[in-house]
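Presented as structure tokens, the chain that follows is alone, the form predicted alone.
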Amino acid sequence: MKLKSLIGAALVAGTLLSGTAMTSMAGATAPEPSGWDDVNDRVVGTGSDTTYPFMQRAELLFNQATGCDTDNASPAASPATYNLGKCLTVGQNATNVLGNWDHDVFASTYPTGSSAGVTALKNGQVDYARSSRGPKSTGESALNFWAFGKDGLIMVTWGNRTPGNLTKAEIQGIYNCTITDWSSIAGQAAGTIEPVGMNASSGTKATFDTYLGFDANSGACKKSLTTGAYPFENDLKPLVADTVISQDNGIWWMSAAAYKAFSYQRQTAAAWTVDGKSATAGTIANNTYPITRFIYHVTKKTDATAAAASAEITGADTGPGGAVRELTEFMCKPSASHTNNDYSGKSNYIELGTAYTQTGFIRVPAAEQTNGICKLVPGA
């Protein structure tokens, strides 16, 4: 890793101890030189609707995380000498287990869909992306997908239809338009099945397509909203309000986490079991529920990647790319590597755990972790 300006300014009498930490003559320890450069960067991400609420919470915690001492003097009139909020390079009292050394600021834009976000990252229009699907088989070789959590997909109906069980073959039959009446499903009263499609950029749709083995939006039996558009994932409100889609005969799919966490979005949706399994934290963690998936924080490989034969995250050291690297490290740290939030006194790891609970996701199970609590899936 390269060592930056902090050696010459913040640690004038500093000595390189191990290649991963620096200590001044006064004994203050600066953090590992991984992504920080004493400059506050404003960093923007976009993409998935499903992961939007979690990332907003994670970004807030990162924005608040402990970092460098800052210049808090009144700013000079000249922009050239404007240092308000920037890292001081003398007399800092740092440790090597900090969250956000530069006090970089992260913000997620309103959801556009996983694939739209990934494309925007590829095109250099944003600094990182949110995705509820993994990398495609081609075209995403410059990106890394950092799985930070796990989710399932559930089948839902609404209105007066009582949910039961669906097999994978029945779900495929409904969505390839060969099973067209509810009387074909055990325990269900007759009625023409109305399978609803989903926004094409959605990672939730991409995951469902993989499960089905074909495009869930294809076929003459598919229903869209009165406007002609397919609804955005996880939000049942437009379907409940729609005057064309049958309230008792429609069927859709959505994130199990969103269903659990956001009652306003799920409205009157009722979840079905799939192959006799309910989507619970346990069945999603051990993969006994049939439709599970990881959820991802997506970076450019040049910004954040894994060191050879190591779980260490390497990459950019300066600018927004370095900030992205720091956020990636923050999200993937195990419990022991986190410090406390200056505002709450609680470990950032504990507070991130609360964010998982609030948004319905679970952490990546230990058996599937490769980089801290994350699972790295490189793009191809």
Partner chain sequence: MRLSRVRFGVLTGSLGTVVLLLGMSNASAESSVSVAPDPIPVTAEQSAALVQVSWSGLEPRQLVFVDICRKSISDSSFTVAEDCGAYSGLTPNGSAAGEGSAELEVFRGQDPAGEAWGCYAEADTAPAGVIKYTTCFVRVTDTTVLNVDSDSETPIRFEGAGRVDPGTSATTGAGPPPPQLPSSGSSSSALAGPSTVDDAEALQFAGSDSGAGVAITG
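All values reported here derive from a predicted model rather than from experimental measurement. Residue numbers count along the first chain shown, from 1.
What comes next is about the form predicted in complex with the partner chain, which does not appear here.
*Asks:* Quick one: from Y259, F106, F145, Y175, grab the residue that has a heavy atom within 4.5 Å of the partner chain in the predicted bound form.
*Replies:* In short, Y259.
*Asks:* Using a 4.5 Å cut on heavy atoms, which of R266, R293, K205, K300 is close to the partner chain in the predicted bound form?
*Replies:* Result of the distance check: R266.
*Asks:* Taking the partner chain as it sits in the predicted bound form, is A120 near enough to touch it, meaning that at least one heavy atom pair lies within 4.5 angstroms?
*Replies:* Close contact is absent here: in the predicted bound form, A120 is far from the partner chain, nothing within 4.5 Å, heavy atoms only.
*Asks:* State yes or no: in the predicted bound form, is some non-hydrogen atom of T210 no more than 4.5 angstroms from a non-hydrogen atom of the partner chain?
*Replies:* T210: no, not in contact with the partner chain in the predicted bound form.
*Asks:* Do T280 and the partner chain share at least one heavy atom pair within 4.5 Å in the predicted bound form?
*Replies:* Residue-level check for T280: yes, a contact with the partner chain.
*Asks:* Would A270 show up as a contact with the partner chain in the predicted bound form if we use heavy atoms at 4.5 Å?
*Replies:* Taking the distances in the predicted bound form, the answer for A270 is yes, it comes within 4.5 Å of the partner chain.
*Asks:* Whether Y349, I362 and A367 jointly form a contact site for the partner chain in the predicted bound form is the question; each needs a heavy atom within 4.5 Å.
*Replies:* The answer is yes: all three residues contact the partner (heavy atom, 4.5 Å cut-off).
*Asks:* So which stretch, 129-137, 179-187, 270-278, 109-117, is the one near the partner chain in the predicted bound form (non-hydrogen atoms, 4.5 Å)?
*Replies:* Selected range: 270-278.
*Asks:* Across 346-360, which residues bring a heavy atom to within 4.5 Å of the partner chain in the predicted bound form?
*Replies:* Result: K346, Y349, I350, G353, T354, T357, Q358.
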